[in-house]
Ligand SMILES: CC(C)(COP(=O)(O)OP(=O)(O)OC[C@H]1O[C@@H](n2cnc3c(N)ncnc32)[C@H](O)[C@@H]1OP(=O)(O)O)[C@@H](O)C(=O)NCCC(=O)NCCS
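Heads up, the chain below is alone and in the form predicted on its own; it's given as structure tokens.
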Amino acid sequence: MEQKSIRIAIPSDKISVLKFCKNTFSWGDYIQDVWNYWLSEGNLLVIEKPYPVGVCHAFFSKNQVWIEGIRIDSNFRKQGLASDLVKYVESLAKEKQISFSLMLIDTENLASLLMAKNLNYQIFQTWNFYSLLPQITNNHKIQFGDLLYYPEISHYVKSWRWLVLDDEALFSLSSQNKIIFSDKFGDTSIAILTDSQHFDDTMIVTLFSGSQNNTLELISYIQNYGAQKNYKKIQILTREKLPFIKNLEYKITFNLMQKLLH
């Protein structure tokens, strides 16, 4: 049996890895777009037998590790390689005294969900992904806030990573007017706006929907803001199902998986 090993990726691994990341999804994959970013961030891992047959990236922050981009060559699946990568990342996290490990898995990806369950991950939250076209609009009224009165909001999305919304993040986002809310129509709706670090001209919105009318106010503002700032794409992540709106398209639903490491 061929020996397997896990190591930090090097630039020359890119060609080998992208060969088995071409058709991960019906539309292709995004690994080719983020490879250089992840390589520069560090903790981009490959598993080899003896050449690279699997890859994943780990991002450490605020007492948690975010595991992303797990890919295994189709010729080497069902050998536990994805689990090996996850367990390796967990070992790095434990060395750093990090308490939580998180990853995002499509609700229809049964194989990955089973792998996560077998590694004692649990569904922490379920999130929906929508795309929104930028558009000049005028019918909206929103306010800017700091979320001090919403302790139940524990995370926000930045570059498709669910990060802890601590005091430091709150101060930074608030000072840039990146936290908006509407409370005109009952339960407050809140949105956090961030720029993608990996894709140009892309805004990522973490949306907490209260009442439908308040949410419509926020979406109208976000469309207008996106058009004014020349964003090409607006991506919305929310735990709620959003109402039908022109230029708003539902994409996919994910489970946010979490594991306590200590």
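Fair warning: this is a prediction, and the values are worked out from it, not measured in the lab. Residue numbers run from 1 along the displayed sequence.
Although not depicted, the form predicted in complex with the named molecule is the subject of the following passage.
Task: Proximity to the named molecule in the predicted complex, single hit among S99, S83, Q143, Q135 (heavy atom within 4.5 Å) - done: If I apply the 4.5 Å criterion carefully, the residue I get is S83.
Open item on the list: If the cut-off is 4.5 angstroms on heavy atoms, which of these, I180, A93, L163, I105, is the one near the named molecule in the predicted complex?
Closed with: Filtering the options by heavy-atom distance leaves I105.
- [ ] May I ask you to check whether R77 falls inside a 4.5 Å heavy atom distance of the named molecule in the predicted complex?
- [x] Result yes; R77 sits at the interface with the named molecule in the predicted complex.
Task: Contact flag, R71 vs the named molecule in the predicted complex, heavy atom cut 4.5 Å - done: Yes, contact at 4.5 Å.
TODO: Look up in the predicted complex whether T24 has a non-hydrogen atom within 4.5 angstroms of the named molecule, and give yes or no.
DONE: T24: yes, in contact with the named molecule in the predicted complex.
Open item on the list: If we define contact as a non-hydrogen atom of the residue within 4.5 angstroms of the partner, is S112 a contact of the named molecule in the predicted complex?
Closed with: So S112 counts as contacting the named molecule.
Task: Interface segment, criterion being heavy atoms within 4.5 Å of the named molecule in the predicted complex, picked from 168 to 176, 181 to 189, 152 to 160, 115 to 123 - done: It is the stretch 115 to 123.
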